[in-house]
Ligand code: DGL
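A lone chain, given as structure tokens: the form predicted alone.
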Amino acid sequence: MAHSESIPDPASPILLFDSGVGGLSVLAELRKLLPQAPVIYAADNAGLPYGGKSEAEIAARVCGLLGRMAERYRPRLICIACNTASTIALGMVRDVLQIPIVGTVPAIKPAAALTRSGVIGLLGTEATIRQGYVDRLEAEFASDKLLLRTAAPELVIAAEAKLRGQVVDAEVYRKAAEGLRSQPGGEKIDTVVLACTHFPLVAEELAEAFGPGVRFVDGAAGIARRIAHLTEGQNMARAAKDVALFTRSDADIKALIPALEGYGLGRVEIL
């Protein structure tokens, strides 16, 4: 088994990293499989949103932050629970850090298996939908399907606001649906890939905007299974409450505390 030469301390955490609160959708699935696992949930609120940044900026930022976090918290595994950061920085982070790194990929493969109409929609950030990585997934798993993509960065903001208990204008969700539906063949979409970990947090609102007969697919359950597989047989025991870690102290964090506690994150720290 890989990394067996250094058996982690039972309190060594699994570190989930995202630009904001999106990765909580992954944490929810991870809790089902590994309820006993100590977790640090790290949100780069100082860098949010990632979608509009350049590849070089994202790569440098993610590598630098994860290096600091790995040194400080000694995680047994890091999950980059962010599609944008994964599609850009995953390889670099693996080169730099000597611990297992799990990334997030748009769930094109399961969507291709599910679609009946042969038309799949993909909602992501601007940075994710332009990656060659997505082109390769399409070529490998959906070459006989029509994959329509649209950038919906406003959904990141909507998910962040929803978790803080703020009211979000339903127009945001209609606009995202329209971005896919208005493309040639878009009326036949029956499966939508949520290619940003923020988006499952607003899946109900999106379902209303798309109307009946559309299924949503995201990678959270698959990522949780991968983490469980890589940590199989390891001892895990919490020494303290699980942590929500932020990269900037922000008045907004206070509004998030009830939601964070709902995900089992009982302490807040600033990097």
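Worth saying up front: this structure is predicted, and the values here are computed from it rather than measured. All residue numbers are counted from 1 along the displayed sequence.
Not pictured, yet referred to below: the form predicted in complex with the named molecule.
None of 179 to 187, 111 to 119, 79 to 87, 135 to 143 except one has non-hydrogen atoms within 4.5 angstroms of the named molecule in the model of the complex; the exception is 79 to 87.
Contact with the named molecule in the model of the complex, judged by any heavy atom within 4.5 Å, is made by just one of L66, A42, I227, L48: L48. With a 4.5 Å cutoff on heavy atoms, V156 counts as touching the named molecule in the model of the complex. For the partner-free chain shown, T197, H198 of 197 to 222 come within 4.5 angstroms of the named molecule in the model of the complex, judged by any non-hydrogen atom.
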